[in-house]
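A single chain comes next, written as structure tokens; it is the form predicted on its own.
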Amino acid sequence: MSEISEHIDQNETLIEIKNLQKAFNGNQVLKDINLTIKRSENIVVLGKSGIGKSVLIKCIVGLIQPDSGVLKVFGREVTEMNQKELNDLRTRVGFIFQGNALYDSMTVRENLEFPLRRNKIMKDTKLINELILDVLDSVGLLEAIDKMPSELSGGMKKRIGLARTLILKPEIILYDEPTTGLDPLTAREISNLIVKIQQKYKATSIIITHDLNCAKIASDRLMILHDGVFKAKGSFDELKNSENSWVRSFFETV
């Protein structure tokens, strides 16, 4: 996987959301979401459990259909895409699930081959192997190439899950609680890896997390989701030192 050229428009808007709404059985989870994300930005979304953070990123890749509003990715309205267009979108938008979603019966190598063959991106075995080695090197796990998932620690599984997403060269990466269940040291390593991926590949990311240390390390901007809207926006330091005591309360453990 080659590094992306420095000559890219970092002011380009990749995600544009206006007045997005989504309800489940009468419960209005997303009431009025507005968000614009530029290329190469890392955006962290904070908020209590069950408040709609994961719903938001699932809407972005068309896994959940919003009730109303504008949701554009790469300048195209996601809600108007047919299945083929959604599948194409999902090759450009990587989704890192909480559970890593590795196939237990496949080695690390086979797990990384799978998305390439499934999406029929390439059949050249030599090139596939080069890509696998490159992404494993990016996440620091070349030695794990022939291991089974059962032989990996929780942190290693997170890294392999990220490598499997990177192998499709996504322009946007959506992280759903990337440090959940990890010890503090490993969580910090994963947070630093997110920054490394942003810098090396100019990736644009939305990071859903409860981990304030992850938010501090990985974010360019933070958004606090509450009662279906973004109640506060800004850098980590801006929000931590906010004059609003409710906003500051999110940062009391950091």
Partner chain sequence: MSSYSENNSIQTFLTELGGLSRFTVQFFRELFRPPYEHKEFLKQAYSIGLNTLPLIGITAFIMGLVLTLQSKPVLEEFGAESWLPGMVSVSIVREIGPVITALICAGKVGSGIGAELGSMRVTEQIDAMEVSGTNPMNYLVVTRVLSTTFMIPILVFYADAVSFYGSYLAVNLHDFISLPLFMNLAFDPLHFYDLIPATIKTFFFGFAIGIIGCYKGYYSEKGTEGVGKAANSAVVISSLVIFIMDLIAVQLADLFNVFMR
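Numbering follows the first chain given and starts at 1. Note that the structure is predicted; figures quoted are calculated from it, not measured.
One more form of this protein, predicted in complex with its partner chain, exists but is not displayed; see below.
In summary, among the residues Thr107, Asn129, Thr79, Gln98, the only one with a non-hydrogen atom within 4.5 Å of its partner chain in the predicted complex is Gln98. Residue in contact with its partner chain in the predicted complex (any heavy atom within 4.5 Å), chosen from Val135, Leu102, Ala144, Val73: Leu102. With a 4.5 Å cutoff on heavy atoms, Leu112 does not count as touching its partner chain in the predicted complex; it lies far away. Among residues of the shown chain, Arg159 is not one whose heavy atoms approach its partner chain to within 4.5 Å in the predicted complex.
When its partner chain is considered in the predicted complex, Leu166 lies well away from it, no heavy atom lying within 4.5 Å. By the criterion of a heavy atom within 4.5 Å, Asn87 is counted among the residues contacting its partner chain in the predicted complex. Remark: of stretches 202 to 210, 22 to 30, 57 to 65, 39 to 47, the one touching its partner chain in the predicted complex is 57 to 65 (heavy atom within 4.5 Å).
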